[in-house]
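Next up: just one chain, as structure tokens, the form predicted on its own.
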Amino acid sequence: MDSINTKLESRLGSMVMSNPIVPASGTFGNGKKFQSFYDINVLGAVLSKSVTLESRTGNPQPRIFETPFGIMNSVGLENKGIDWFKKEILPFLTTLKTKKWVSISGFTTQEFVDLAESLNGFPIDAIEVNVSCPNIHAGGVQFCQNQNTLKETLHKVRKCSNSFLIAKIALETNPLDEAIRIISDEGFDAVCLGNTVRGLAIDVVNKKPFFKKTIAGLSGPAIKPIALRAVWEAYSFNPNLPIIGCGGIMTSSDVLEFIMAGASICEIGTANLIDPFAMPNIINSLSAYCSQNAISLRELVGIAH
């Protein structure tokens, strides 16, 4: 490994990664299509599209709405379920040389447990537990917004899995300090902040909400200050819990801001939908920055505090 790559080396707790760039779940498919553009092993990790226990057709069309500084989406976790994933996607993921992460999404605590258990024994490096999903047993409230549910879910997942576990919570999680405490207390290895921000679009011609599900998720540059604030606060609450920053990250400068605010790793989402080469370009820019400034990225984690 040359000096520039060494300077890009990042640590997420006990996990050592070649660089801090990871695709956000749902914006990279499962990696196969992007492999035709470039060798995705250059990424710090490849994170799969969220998988659920059963196959899901997702939400009805329309699913995408452009805003001046981002996009809104209402995809609804469309996927073919864990059995298909293990048969069709895991064999591809396990051929990769870089770190292999799998995102799981459940609608009950037991679904999360079943999903985590089903991945035991597979050569993956981490499971991202998407607890920003709605809990159907609690009126659709996100798991991360109910402290008791969050604690129970993380406790049971940790108990059934020996994997490196990441809790993905919403940027709007409140109170954030309590969620961070629960994630740490339940033995999770890292937290990902976060998901899209809930928003609304109105179809002025038809005089009704644009999306059939009414509320949709806003992503892109518009939410970067919100995501950056969440990372800053999480690091302030517990600098010992490794943080993955996610939300509106488009450039290497954005990545540096998140790292300086306290993130060790950054997930890139909407940028992948605009430019398939966004992530390797960011990695190259980070290499140049580290070389020009004779500094490693690990030295910058939380430095702005």
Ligand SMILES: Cc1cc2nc3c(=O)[nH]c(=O)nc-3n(C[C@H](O)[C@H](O)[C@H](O)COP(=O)(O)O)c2cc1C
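Keep in mind the model is a prediction, meaning the values are calculated, not measured. All residue numbers are counted from 1 along the displayed sequence.
What follows is about the form predicted together with this ligand, which we do not show.
- When this ligand is considered in the predicted bound form, only one residue from A45, I268, V255, A261 comes within 4.5 Å through any heavy atom, namely I268.
- L77 is the sole member of L77, L119, V113, L90 with a non-hydrogen atom within 4.5 Å of this ligand in the predicted bound form.
- The stretch in contact with this ligand in the predicted bound form, judged by heavy atoms within 4.5 Å, is 215-223, chosen from 215-223, 231-239, 92-100, 179-187.
- Within 4.5 Å of this ligand in the predicted bound form, a heavy atom is found for all three of G194, C246 and L273.
- For S50, a non-hydrogen atom is located within 4.5 Å of this ligand in the predicted bound form, even though that partner is not displayed.
- Using a 4.5 angstroms threshold between heavy atoms, T153 stays clear of this ligand in the predicted bound form.
- Put simply, Q142 is far from this ligand in the predicted bound form: not one heavy atom of it is within 4.5 Å.
- In the predicted bound form, this ligand lies within 4.5 Å of some heavy atom of T27.
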